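Read the single chain below, which is given as structure tokens and is the form predicted alone.
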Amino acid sequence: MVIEYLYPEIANLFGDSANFKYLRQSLPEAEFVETALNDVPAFAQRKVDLIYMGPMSENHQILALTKLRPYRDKLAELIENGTHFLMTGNSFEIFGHYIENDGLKTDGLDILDFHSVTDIGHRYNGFFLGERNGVKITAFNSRFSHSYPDGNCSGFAKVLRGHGINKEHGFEGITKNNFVGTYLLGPLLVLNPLYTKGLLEKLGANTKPAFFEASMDAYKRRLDEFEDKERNLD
């Protein structure tokens, strides 16, 4: 099994590189590849089972987009054929039609049917409680942007409390086949051991995530807090 982390030198805000580290601890037999900005991505040269990228600054987002643009058709093919992707924070915005920032539109990879709007003057911070395939999802948000589906997009998680992909939509994130793009931070995989267990199973690993019992204990406590209607999640 091969798991690739795209551009860890820039796509690492909010401690989300811990998603990759957690996978490494959970899958000690797998091969883990860290692809720097000037490297040819592993996915362009051989089979990769999961591609990960984390949140970054808006300037670095444009840099990552520039680096990935030559591989646009390959990425579209991998998504269509069911390769697993986990894009957290604003990294998934690169895959949409465009990113608008202060009236300036930057063309995205145009693989998925949505667009994103960045408002540097207004950061949204908040907690998130959602549900995916019967599993509760807990996480955090810290972002300047929202995304807007332009067609019949599938969401990552139904919103139970907090904000979704934008303030109006009832779901968070974007999915297609095994592509998951989500604003959720935490890191997502560490905070949600049941979801992570399901991801490992989809990857063909017959194992539990690392520190599963301790993670479950923390997860249950967090669920109690986030489900408490007396607690303001925004």
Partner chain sequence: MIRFYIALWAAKLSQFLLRLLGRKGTYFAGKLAIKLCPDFIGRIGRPKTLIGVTGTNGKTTVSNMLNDVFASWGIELMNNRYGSNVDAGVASALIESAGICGKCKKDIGVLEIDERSARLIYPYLKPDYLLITNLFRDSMRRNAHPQYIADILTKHIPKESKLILNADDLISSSVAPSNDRCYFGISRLPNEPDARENIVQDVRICPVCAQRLVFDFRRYNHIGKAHCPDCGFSSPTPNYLLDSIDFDGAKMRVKESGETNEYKLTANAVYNIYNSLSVIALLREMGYSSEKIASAFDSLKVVQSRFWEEEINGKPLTVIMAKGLNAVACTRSFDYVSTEPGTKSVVLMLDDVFDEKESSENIAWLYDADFEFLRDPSITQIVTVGVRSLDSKVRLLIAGVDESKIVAVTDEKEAASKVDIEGADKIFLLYELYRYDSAVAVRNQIAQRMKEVL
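Positions refer to the first chain, counted from 1. Quick caveat, the model's predicted, so the values are computed rather than measured.
A second form of this protein, the form predicted in complex with the partner chain, is not displayed here; the remarks below concern that form.
- Exactly one of the stretches 196-204, 42-50, 60-68, 165-173 approaches the partner chain in the model of the complex with heavy atoms within 4.5 Å, and it is 60-68.
- Proximity of residue 184 to the partner chain in the model of the complex: non-hydrogen atoms within 4.5 Å are absent; the residue sits far from the partner.
- In the model of the complex, at least one heavy atom of residue 190 sits within 4.5 Å of the partner chain.
- None of the heavy atoms of residue 148 is located within 4.5 Å of the partner chain in the model of the complex.
- In the model of the complex, the partner chain lies within 4.5 Å of some heavy atom of residue 233.
- Remark: none of the three candidate residues (94, 101 and 113) comes within 4.5 Å of the partner chain in the model of the complex, counting heavy atoms only.
- In the model of the complex, the residues of 206-225 lying within 4.5 Å of the partner chain by at least one heavy atom are, in order, 211, 214, 215, 217, 218, 221, 222, 225.
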